[in-house]
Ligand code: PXL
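Single chain ahead, by itself, as structure tokens, in the form predicted alone.
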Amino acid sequence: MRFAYVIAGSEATGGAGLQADLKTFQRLGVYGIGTITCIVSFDPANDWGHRFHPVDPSVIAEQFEAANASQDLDTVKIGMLGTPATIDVVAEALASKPWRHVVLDPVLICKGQEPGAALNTDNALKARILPLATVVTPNNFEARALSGLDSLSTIADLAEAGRRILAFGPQAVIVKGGVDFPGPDAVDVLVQRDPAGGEPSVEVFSVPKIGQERVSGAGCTFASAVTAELAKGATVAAAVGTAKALVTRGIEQRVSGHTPFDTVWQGA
């Protein structure tokens, strides 16, 4: 039995967050264990806006203690954290033991927070969590924010963003072009550090876009699929390939409902 661990927020509709992560783990044949950092509840009466509720840091620490006492966990995905206090307790917990892989989905904008609070959270994430990550999976916006680049409109731009983010310390960065990337294809670029100290390697993953609308849970599912495959012993490149295929199929067979957005179907 292989185990994958996730530290992330709960999203009440099941389309993203910890719910999507655990469904992805199950789909890829690993036993999922999770720690909840916050609870996000969409407000159907207010244009489906976010209602954000952080979990007390002491409760997060207790969940981490119980999860890691139950199994020998060495591969973890970090999702939405939400507040500097949450980031502090998660950073301390991560530093308390060795990890084979720490996959960071760098949720920089915490929906449901005031702009000032979001900025403080972003800065804390970059200072305390990013240096602990071995693999980072930023989307187009997050990659621009982390790299300092104004635009990611070419494959060369995506690769350069990955190289710049490598400077924070991870071994690999997967920059996702998403619907914001020009052209008909959904393009992701994997930039990996050279163990011998040479230039980082660059590998491009591309499939035709499936419409131009964002689909909820795609980023969570992608990062958790990478995590599950790494837990099973795959290389980073192989894990990215599996994640790309799973998310593509999940978008093709997306789930619709009463929300103004569709969600990825991990079971596809």
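All values derive from a computational prediction rather than experimental measurement. So that there is no doubt, residue numbering starts at 1 and follows the sequence shown.
One more form of this protein exists, namely the form predicted together with this ligand; it is left out here, but the text below deals with it.
Comment: this ligand is not present in this chain, but in the predicted bound form one of I60, V236, I33, V40 has a heavy atom within 4.5 Å of it, namely V40. Interface residue among V107, V102, L190, A93 relative to this ligand in the predicted bound form, by the heavy atom within 4.5 Å criterion: V107. Of the heavy atoms in L230, none are within 4.5 Å of this ligand in the predicted bound form. Contact between V247 and this ligand in the predicted bound form is not found at the 4.5 Å heavy atom cutoff. For M80, a non-hydrogen atom is located within 4.5 Å of this ligand in the predicted bound form, even though that partner is not displayed.
For S10, a non-hydrogen atom is located within 4.5 Å of this ligand in the predicted bound form, even though that partner is not displayed. Shown here without this ligand, the chain has only C220 in 220-234 lying with a heavy atom within 4.5 Å of that partner in the predicted bound form.
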